[in-house]
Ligand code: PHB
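The chain below stands alone and is given as structure tokens, in the form predicted on its own.
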């Protein structure tokens, strides 16, 4: 039996087409990690990356049948470099999904680029309210929090403790301003009054003049928003000034997360609010902490949890699309509909793309942030300005 040239050509086209589709469906997923590798937030970036990779390794090194290829850029926590850095991943490396970052100012630049280029973006830390507020987009999802959420929960907790007058202190940048706004809203809703907001330029850690002002004003409580190396210096300086014995210090949980070993005795007894606590005694959290300790020879923290959950959220979208990256609407819809079985406790994702989650009141005991109670149950960010 002879095959006509037309049939041979058709068979070749069908064969090659099938092979190309198969190759595309099994091609590695390109994940662009834009995280701080240097500076005050370097340790946070490492924990996020470790958490993300831990989830992938627990699934045989694949998500929805695809191996993962990583591309990394150190964002240096520098907003002025954000556009150039993110474009290296989007335009040079042609990544399928962006994961980043820690600094809110840098994340805002990432979010704009993701919107402009319709690139999937999962934010594993930066809490800039605008990302899931006025800048919200179907292709942007967060695995962490808004700055407003832990600030608001801390304000509720402070009011519930009966404090009436508060002062706040933070760096003069968007994350600090939004955290303070959340604290003020929660605190004043409970009958308290914020009498003064103090701030200093990021990443300045010369706190002495502001600590002197706190000592002279004698508020009932101080709310602080710092993280990383700045949080270590602030907590130690606060204690060295003797303020920890006269004015209770509270804060968004980043004040004492990933910093306790360096803060030592100065941090003991500090109350913070956050969506994770080290001693959550659940099978999910216990297994996560054990696996993380084995893999990285260190204790997991909230940053590791957020990186881990970023991979979970991505996997939920990919599984719904059966690994087909071309089915963007299916992926983004499934990411928002996911019920994430997180070490922090199960949470859902709002229409704006932000976790709806329990906020825990925690107390520093030894080198752990131990849960005292749930400060606010299933707290959703108001997503002011989001229009989808």
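Residue numbers count along the first chain shown, from 1. Predicted model only: the values in this text are computed from it and were never measured.
Just so it is clear, the following notes concern the form predicted in complex with this ligand, a form of the same protein that is not shown.
Engineer: Name the stretch: of 239-247, 144-152, 281-289, 91-99, exactly one has residues whose heavy atoms fall within 4.5 Å of this ligand in the predicted bound form.
Structural biologist: Checking each option against the 4.5 Å cut-off leaves 144-152.
Engineer: Report the residue, out of 44, 335, 33, 359, that has at least one non-hydrogen atom within 4.5 angstroms of this ligand in the predicted bound form.
Structural biologist: Going through each option in turn, the one that passes is 44.
Engineer: Just one of 276, 234, 223, 303 has a heavy atom within 4.5 Å of this ligand in the predicted bound form. Which one?
Structural biologist: That would be 303.
Engineer: Could you confirm whether residue 187 comes within 4.5 Å of this ligand in the predicted bound form, counting heavy atoms only?
Structural biologist: It does not: once this ligand is placed as it appears in the predicted bound form, residue 187 has no heavy atom within 4.5 Å of it.
Engineer: Please determine whether residue 308 contacts this ligand in the predicted bound form, using a 4.5 Å cut-off between heavy atoms.
Structural biologist: Judged by the heavy-atom cut-off of 4.5 Å, residue 308 is well away from this ligand in the predicted bound form.
Engineer: Though only this chain appears here, would residue 272 touch this ligand in the predicted bound form if you measure heavy atom gaps against 4.5 Å?
Structural biologist: Although this ligand is absent here, residue 272 would stay clear of it in the predicted bound form, with no heavy atoms inside 4.5 Å.
Engineer: Classify residue 317 as contacting or not contacting this ligand in the predicted bound form by the rule of any non-hydrogen atom within 4.5 angstroms, answering yes or no.
Structural biologist: Flag for residue 317 set to no.
Engineer: Mind listing which residues of 126-146 have a heavy atom within 4.5 Å of this ligand in the predicted bound form?
Structural biologist: Residues within 4.5 Å: 126, 127, 128, 145.
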